[in-house]
Structure formats: C-alpha cells, structure tokens
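Take a look at this one chain, the form predicted on its own, written out in structure tokens.
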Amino acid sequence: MAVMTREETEALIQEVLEVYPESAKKDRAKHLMINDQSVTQSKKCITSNRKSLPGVMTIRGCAYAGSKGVVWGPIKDMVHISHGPVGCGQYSRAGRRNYYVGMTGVNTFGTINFTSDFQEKDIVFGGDKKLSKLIDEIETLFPLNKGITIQSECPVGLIGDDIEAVAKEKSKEIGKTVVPVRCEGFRGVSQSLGHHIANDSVRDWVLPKRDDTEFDSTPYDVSILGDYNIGGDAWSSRTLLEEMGLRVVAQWSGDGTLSEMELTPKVKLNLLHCYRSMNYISRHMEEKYGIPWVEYNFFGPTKIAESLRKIASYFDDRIKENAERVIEKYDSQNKAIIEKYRPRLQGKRVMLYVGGLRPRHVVGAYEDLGMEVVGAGYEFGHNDDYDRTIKELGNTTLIYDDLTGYEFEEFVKKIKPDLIGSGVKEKYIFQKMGVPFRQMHSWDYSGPYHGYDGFAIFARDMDMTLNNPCWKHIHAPWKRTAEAKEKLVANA
C-alpha cells in the first residue's frame, strides 16, 4: 500500500472513531493525530497522560508495574517485596529479561517473588506485623542482601498500612536500607506515575546515604540511567562508553546495585536512555548536585554515532577523538549488516505501539535498514515524549496515544503495515491476523538491541520475522476459500 496522504489519514481516524458513542468519540479524537514536523508543542495536537476510558481495553499497566517492574525490580542485590496479594508479585517476576551477573538467591534476587501474600484477615487487621515478620525471614534466609524495598499493592493503600514506619523500624534493626514505595496500582493513570514515585523514593531514601563519603573520582565518570539491560542492552552500551575512555560508575536499574545508586551523585555526567522513567531523578541530581544529564539513543548506527558525539561534547578532546575512533572501528561491521539486510527490508513499513522510549528511539534503526515507520504511539507517554517524537517521524505519520485494542486492529487493517512492534498483549492478536510481529518490550526473547553489536541482532530479528514464509500460510478459518475448506474436510 502506498504512503497515505494527510487527507486519507484524517479520513481513517474519523472512520475508526465512528463506532464510539459521542462522548467517547470526542475524547478519543484528542489522542490521535497526523504528524507535522513544523509543530513545536505536541499539546496543541494530541492529549496524553489522561485516564483511559472505561471499557476501551487499554493496554496500559499500573503504578506498581512502573515501580516494581521497571525502576526498582532490576536492582539485583536488593530484595523487592510485593506487599499485598500474591498475584502482582508473581506476574511481575522475571518478565522483562533484565539480565544480571550474580548467583540468584545468594547475592542477587531480581527473579525471585517475595510477597507478603495478603489474605482476607490481612485486609481486615492490616499487614504491618506480617510485613515486619517477612523482613526478619528475609534476613535469615538471604543474609547477603544489601537492602529491601517495599512495593505496595492496591490493598495496602486502601487499608492504610504504615509501610514508612515499618521501613524505619526495620532499617534500624537490621542496619540496612529499607525503602517504602507507595506505588499502589490504582494511583495515577498508568505505570508512568509508578516511575515517578520510584524516582522520588530513590531521591529520599537512597541518594543522600553517601553524600559525605570520599570517592576516588576521575574527570570521566558517568552513569547510565534508564537502561534495564533487557537481553544485555546495558552491557552492549557500556562497552562503547568504556571504549571512548569514560568510566561507568553506575548503571541502573539493569544489572544495577544499591551501592552504584548511592554513588551516582559523584559522577560528572548522567547519561539518560529511557527519558520517561528516569528524567525525574536526573533533574533532581542536576538541581541538588549540579550534575548535567543528556539523553542518548543507542539504536542503530546513525543514532549511535550522533549520541557518541553528543556525549563526547561534554568532555575534553581526548574523549572526542576516542568517540570518532569508536565510530570508525565499527563502521565496516555496520556496513556489512546494512548490505546484508537492507535489500531484504527496503521499503517495508512498520507500526509501533510501545512504552518508555521505543516509539521514537527505534525509528532510526529501522531507517538504517531502509524501513519506514508509518505509525507510532505510547502506552503511557507525556507530551514531552510526543514533542521529541514529532521530530523523528515523517509528515503524515499516524500518531496515537493510549491506543485502544479496537483502534489498533482497525488501523492495522487499513494501513496494512509489513511489521508491527508492540507488546505481549497485542502479539497473538496480530500473529493470528497473519501480520509479522515483534514483541518490543522485551525483544521477543532476543537482544540486546542497543549498541553496534545489538544492531546486528536487531537487523537479523526484523528480517527473520518479516521474511518468514509462515505468514502466507496463516488464514483465519472464516476467510478460507470454499476449495480450501473442501480440501480440509477431505483430509480430516
């Protein structure tokens, strides 16, 4: 299908909205737009970070997911208690493939479900005593943990458990950091508030711990923030930074430790990958400690080179020269990847609907392979995310916020993309429709995708998915021809 004009895209939006009652139609229209690179403020064109409409099958997560599943959960040497019923902790355990180095159950704990396992009596009488006992049991069973976080689930906020009092009391008893995180799932409109709450808990309970500690610093100390090491992303990124001559003092949350978090205020520059989840703590460290921060994008060779040069601009000529050497070192590798895969992917069209940074960060990687992003949107984005996204996408690209299941299916039917990149909730719907699909929250059990090494895997995965012969054999039963049905019956 040819690229749609602005008029055709606008007509498509109106057609999809027609199914809604008038009030819902009016609301959802605010969350859909046609990209225009001349727009400087997305809030004039699209509404974001608002409550989802009841009944529209939103694909969002909750505040607990933003805190436990994203920001805190990958800190590997701390125990993260899901304080509430067992389900939330079990569902969020080990789902995002946050790789780490360590021995699980001895000095790393990210893939274990620690829960206070609320029962009816806990709702009636409160769970403070149970929480206190749980922390004692954790100290007995897992003495090498460096600290504990209390990730509160919905019932905790409803019954009013005083997790802050328990945290202060147990911290004194065990002599370790115990962080209460008020991330009850019902708070806010999506997991985005959970990111913010988690950042604030880091600010209040962790960062000041070593303000007075002496630290053997260098002029080249940096931290990696907002990289969750999905499939090894942070390791692939760290390789490039260290080849430039920078010293990575801390990376969190992926493969991160409590000590690294505490030492982050000692660095010279904070490198922010996932803006949505970590911009709050980056701004705090800039205000309190005077540490500048810069966003970077390590998806695809074009954006990697831009980011390496941008990062190097904060340092001396030695680092700038090293950045150029790193770019040159991997140039032949990148050319070989593009030469191999671009002819197979040239002109293919992609629709994205993901969280965090991906709807804009991966655009360059697709373009390096000759592909075009024709639709993009965020599950829980804010307008500052869309401000950045507008610049990355071409005019007439369809942009959507908090896309509903119905809208997504209808847009795909009309636009007919060659590939969809979204989450696990959408994966099997579109695969059953015969549309090639990549799960872009956790790289569909692959990765890393960051860095030059990650680009090779990204390109291979897109080719493997798009050009798989299975798609032409997938047809819904009700769409089979009469001849095919007869053959099926005959062979039964």
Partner chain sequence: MPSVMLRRSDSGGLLFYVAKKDLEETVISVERDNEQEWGGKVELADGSTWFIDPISPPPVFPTTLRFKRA
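The shown structure was predicted, so the numbers you read here are calculated from the model rather than taken from an experiment. Positions refer to the first chain, counted from 1.
Same protein, other form: the form predicted together with its partner chain, not shown, and the subject of what follows.
Its partner chain contact in the model of the complex: residue 275, any heavy atom under 4.5 Å: Yes, residue 275 sits close enough to its partner chain in the model of the complex that at least one of its heavy atoms falls within 4.5 Å.
Its partner chain contact in the model of the complex: residue 383, any heavy atom under 4.5 Å: Residue-level check for residue 383: yes, a contact with its partner chain.
Its partner chain contact at residue 49 in the model of the complex, heavy atom, 4.5 Å: Heavy-atom contact with its partner chain at 4.5 Å: present for residue 49.
Partner contact for residue 41 in the model of the complex: its partner chain, 4.5 angstroms, heavy atom: Looking in the model of the complex, residue contacts with its partner chain include residue 41, since a heavy atom lies within 4.5 Å.
Heavy atom of each of 283, 287 and 293 within 4.5 Å of its partner chain in the model of the complex: Judged in the model of the complex, 283, 287 and 293 all sit within 4.5 Å of its partner chain.
Selected contact from 186, 142, 406, 314, since only one has a non-hydrogen atom within 4.5 angstroms of its partner chain in the model of the complex: After the contact test, the surviving option is 314.
Heavy atom within 4.5 Å of its partner chain in the model of the complex - residue from 349, 309, 247, 388: Residue within 4.5 Å of the partner: 388.
Partner-facing stretch of 152 to 160, 216 to 224, 375 to 383, 85 to 93, counted where any non-hydrogen atom is within 4.5 angstroms of its partner chain in the model of the complex: Looking at the partner contacts, the answer comes out as 375 to 383.
In the model of the complex, residues of 181 to 210 near its partner chain [heavy atom within 4.5 Å]: The one in contact is 196.
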